[in-house]
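The chain below stands alone, shown as structure tokens; this is the form predicted on its own.
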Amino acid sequence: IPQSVAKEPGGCCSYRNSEEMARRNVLITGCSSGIGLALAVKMAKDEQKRFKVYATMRNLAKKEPLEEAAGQRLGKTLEIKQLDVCDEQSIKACVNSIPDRRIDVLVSNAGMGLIGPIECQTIEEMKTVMDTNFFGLVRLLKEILPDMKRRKSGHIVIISSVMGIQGILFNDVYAASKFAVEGFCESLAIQALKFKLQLSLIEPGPVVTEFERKVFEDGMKMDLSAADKETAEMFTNIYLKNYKQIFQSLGQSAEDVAEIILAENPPFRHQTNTLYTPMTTLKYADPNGDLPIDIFYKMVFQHDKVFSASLNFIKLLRWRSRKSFDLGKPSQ
């Protein structure tokens, strides 16, 4: 096997397999479950062995599912590291632990959800969502982007959301955090081109993961006493009632999204779910913004039976192709 000499951080010389040298270092955040876990495993098990994956998570006590999914690739093409996107020192320590601090691909995936009437959410809860979903990305890039710019090489992949394009009922703060991500990346993309860097926004619709299940469960337990009766009933009897049905009809698996991220020459924006695309297209169809709001209003409050029937029809079609999902597992 051909060998090459490389300088280690300590200053001495050591031999590395040339195959290892050719691998791209990939840092992924939020790998304890969902899209992060699926992507980390998929890249680590790449048949061509193109990647060395550094799968990170805030709490290493939750690493067991990833370890099981990685199997024999653990310790070879996949390493698990601690990283909290809300802690600059945690990010720096993780990046410093990677040989030569070289990160060829950064996948910013760690995120936090929040649903419900804003009257029932504290400002601290809202700040935590913004701190994780938006400032978490900013902290990562402040640490990693300068190295990429110096090398004039690198790919930054951001897991955004269709709610970074189109706001949805009772997702006010979460949508705000994703709108912030989208605007930030649109601005940064222009600079990235100058340094020959790739920047990709991945915009999933509903994805059936532990993340979504937790958001739903938190919504079910929410104290609605601060909201007026009409708003509380709207959240409970319209939003939460349709939540599961939407995921069963339109939901993707984390593995589906991971597959798309690995595509060659990804565009700047990529919506992963073609079933959801007509809803986001409304945003571009009317520059005034009235069309999507009017349609969503009528769909929710005036034509709810038609909306429900449409979801059931889509669910039936997907069931026949074995792609209908519940919150947690594919339907049998």
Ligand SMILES: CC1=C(/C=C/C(C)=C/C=C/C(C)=C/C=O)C(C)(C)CCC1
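No experiment lies behind these values; they were computed from the predicted model shown. So that there is no doubt, residue numbering starts at 1 and follows the sequence shown.
Just so you know, the form predicted in complex with the named molecule exists too; it's not on screen, but the next bit is about it.
Proximity of Y239, N242 and M299 to the named molecule in the predicted complex is complete: all three residues have a non-hydrogen atom within 4.5 angstroms.
Figure note: of the listed segments 218 to 226, 97 to 105, 71 to 79, 155 to 163, the one touching the named molecule in the predicted complex, with heavy atoms no more than 4.5 Å away, is 155 to 163. Between the named molecule and the residues V138, I168, A180, L262, the one pair within 4.5 Å by heavy atoms in the predicted complex involves I168.
When the named molecule is considered in the predicted complex, F211 lines it closely, a heavy atom lying within 4.5 Å.
In the predicted complex, the named molecule sits beyond 4.5 Å of every heavy atom of L66. For Y276, a non-hydrogen atom is located within 4.5 Å of the named molecule in the predicted complex, even though that partner is not displayed.
P206 belongs to the set of residues with a heavy atom inside 4.5 Å of the named molecule in the predicted complex. Taking a 4.5 Å heavy atom cutoff to the named molecule in the predicted complex, the one contacting residue in 170 to 184 is Y174.
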